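Starting off, we have a lone chain in the form predicted alone, written out as structure tokens.
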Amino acid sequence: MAGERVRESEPDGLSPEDYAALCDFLRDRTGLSFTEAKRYFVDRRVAARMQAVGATGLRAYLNLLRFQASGEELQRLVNLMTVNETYFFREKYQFDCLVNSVLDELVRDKPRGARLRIWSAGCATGEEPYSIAIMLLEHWRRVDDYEIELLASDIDSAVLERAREGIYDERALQGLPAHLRAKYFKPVRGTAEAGGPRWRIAEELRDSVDFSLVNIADPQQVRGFRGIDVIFCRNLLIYFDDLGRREAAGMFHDALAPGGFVCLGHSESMSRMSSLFVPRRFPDAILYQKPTDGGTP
């Protein structure tokens, strides 16, 4: 057992055995995989949390993470461990693919007024789902013909609060055309003198996205995601190991409606993770489709 390898924390950081035990725990609970290359990153954050809670060593800290009824400390650690680098219209060609090709195919056999469900898994501070909302309003002519549900989830509770608030700095908006910034954002007063100007996304768009705290490595938490038409999960699975990626692919397969699509990051390939999906090459991008009969290819 991993717990049997745990030794008390050393002054210069976690011992190799402790680091392995901690990584095993985090992988089991969150799906996130940390290699030796990430050791300095992990050491610093764990040391800060151990000091904050007064843990005498890693064994005591792991026991707190495992058995604390509220799960508050595990959530705090997860919030420190996640990387949330994103911005509006990142890898825009995939959003172009959504509005130019994918949605028209999905509604081909749907009656007017039918539901379309789009899920941004690993949404961070909300730039991705809000980008999808803007693209739908600006570029999909049939947006008013269907009941569109935009779902967004992340394992990090802190970034979800920022996503719901919808306030962004210049860096996050750097890829957004000026006319769209003027149309969908308002400047936040008093921010120019405090770290640079910020803008808040329109209330209409904030209300259009349903944000929720979800660990995609936990089958219980993703059970409610079913009948999804499109899943965006971009640049998240690179933080999983091979087993975690295969498990995530299986979960996405279960969550999708027959004929639904998964969109991955530009450096990710579903064919290296799972054989459950069919690659589909569209003019703008390659997506991965669940077979229309609901089975495997």
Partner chain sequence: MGLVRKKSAAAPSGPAVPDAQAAPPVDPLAALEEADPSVRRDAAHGLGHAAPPGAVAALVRRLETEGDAGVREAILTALARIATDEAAAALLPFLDREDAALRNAALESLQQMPAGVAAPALLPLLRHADPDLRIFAVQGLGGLAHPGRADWLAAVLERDADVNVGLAAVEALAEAGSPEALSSLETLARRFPDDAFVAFAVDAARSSFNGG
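Given the structure is predicted, the values throughout are model-derived calculations rather than measurements. Positions refer to the first chain, counted from 1.
What follows is about the form predicted together with the partner chain, which we do not show.
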*Run the contact test on S157, E268 and V278 with a 4.5 Å heavy atom cut-off to the partner chain in the model of the complex and return yes or no.*
no
*Using the partner position in the model of the complex, report whether M251 sits within 4.5 Å of the partner chain, counting heavy atoms only.*
yes
*Check whether E36 has any heavy atom within 4.5 Å of a heavy atom of the partner chain in the model of the complex, and answer yes or no.*
no
*asked:* Under a 4.5 Å heavy atom criterion, is P219 part of the interface with the partner chain in the model of the complex?
replied: yes
*If you check in the model of the complex, is L77 within 4.5 Å of the partner chain, heavy atoms only?*
no
*Which one of L173, M81, I167, V214 is close to the partner chain in the model of the complex, taking close to mean a heavy atom within 4.5 Å?*
V214
_Between L106, A202, L180, L151, only one gets a heavy atom within 4.5 angstroms of the partner chain in the model of the complex; which residue is that?_
L151
*Taking the partner as it appears in the model of the complex, which of 242-250, 57-65, 258-266, 40-48 has residues with heavy atoms within 4.5 Å of the partner chain?*
242-250
*So which bits of 120-144 sit within 4.5 Å of the partner chain in the model of the complex, heavy atoms only?*
A133, L136, L137, V143, D144
